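Two forms, one chain: they're shown below as structure tokens, one block per form, named structure 1 and structure 2.
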Structure 1
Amino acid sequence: MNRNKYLTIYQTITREILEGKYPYQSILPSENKLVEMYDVSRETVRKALSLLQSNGYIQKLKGKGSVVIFNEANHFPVSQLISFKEIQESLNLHYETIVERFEVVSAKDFPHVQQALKLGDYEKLWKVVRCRVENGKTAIVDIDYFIQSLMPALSEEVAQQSIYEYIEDRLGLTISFSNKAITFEPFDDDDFDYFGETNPPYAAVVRSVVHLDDTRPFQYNVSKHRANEFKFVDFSRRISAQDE
């Protein structure tokens, strides 16, 4: 049970939108109605609604109401910070995860990672390579680096399941934000090993540095996809620069 009223309202309404109770372009109950329905103050309702708006579920129209703009065809939970297991479950996909490598490496051997995670030369990292396989075909290769001292008990079994679940539920840490970069790169030797011969031999590569809620970076992720099967979907808002 959430103690937070506004989060409860947010979660209830997202669920209702996803279930079709409020279809595309319909109008949510007015703020005052929601105040009565949930027995909270108007600012609390508004907090829930602004979350819905900034996450692309609704658009609020002055004088009219909150219009549902969520559209299954357009939205796809990729631009959010979400674990592979969660994506899979939310889309009812059935990939198999194969842990190809699970080992300890030195930060200084991976300068990009070391710099992104702000580590000293002698810090140790878990390096985990996982293939996401569907019908015997590798769809995604995830290469992850985690700071060992933060999670000394990480194991291959956990990597097989969900590392995010482990971090949040077992370690009690809160994953908060990330910077991502998407690029297009030719296959390297490892890619041929993991994906097999493919035409074209190009990968769409998503690199991200993921941070905890105290701003510490804890994960460096490189996620490789077959370039011709890759699609990244994003929702963005224009920063209101309005005067008047």
Structure 2
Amino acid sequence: MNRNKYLTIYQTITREILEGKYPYQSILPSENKLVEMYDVSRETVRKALSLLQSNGYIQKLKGKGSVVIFNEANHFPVSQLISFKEIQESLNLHYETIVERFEVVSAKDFPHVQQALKLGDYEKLWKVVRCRVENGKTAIVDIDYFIQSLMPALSEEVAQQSIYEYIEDRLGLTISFSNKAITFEPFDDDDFDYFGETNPPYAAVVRSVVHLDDTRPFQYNVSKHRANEFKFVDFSRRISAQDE
């Protein structure tokens, strides 16, 4: 028997998960069944399952089996500057966007936003709260603050579609870069309202300040994800001394 047979099983099941044969929260066939399916030893199957678990595709639960925990929502490109609409199209996701709040607020009422966007006390902000919903369940809550004077005609209809598309295509502005920070925080009252009961009641919170190509900050975003379903995925390469 090929000593790397477990890698073949791992790759096969990974592909089947990605293609939807084993969707999120479904149960893989039992170890006994996998032994029969692939005509291998139990040890080989267990090595393949361990690798699937290590790489975030399944969680082995005693008395239940191997539960698929891979979900495209967990793999949003957090490190990229991209609109939610573009994420959906690139990952072939199907979320409904619900605009929960769309209002004008004073910068001075949100000191952390005011400081990040370098605004005076009497400047105004659009505050937009949008829930990203899949199968009746809120997966992400986006809370955005935009400088009103830069986009005075922003509307709830635009917020329902794509604010970035509006900024770039209709206003002719160029969105350039952002600074982001990720923290894990207990639910507040609004989080319970939007997400419902969740165990544990924590959110992975991605805060970012987004700038135009002339370096002006124009958006403060707070993106909240269920902590038990959040996975930050990025690619890093160590720079050797020769490259420095």
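All figures in this text were calculated on a predicted structure; none of them were measured in a lab. All residue numbers here refer to structure 1's sequence, counted from 1. Take the two forms, superpose them, and find the largest set of C-alpha atoms that agree within 1.5 Å; that set is the rigid core.
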| item | value |
| --- | --- |
| Selected structure - criterion: the form predicted on its own | 2 |
| Core fit, then Leu49 C-alpha moves 2 Å or more between structure 1 and structure 2 | yes |
| After fitting the core, Ser30 CA displacement of 2 Å or more between structure 1 and structure 2 | yes |
| Threshold 2 Å Cα movement between structure 1 and structure 2 at Ala203, rigid core reference | no |
| Per-residue CA shift, Ile9 (Å; core superposed between structure 1 and structure 2) | 37.3 |
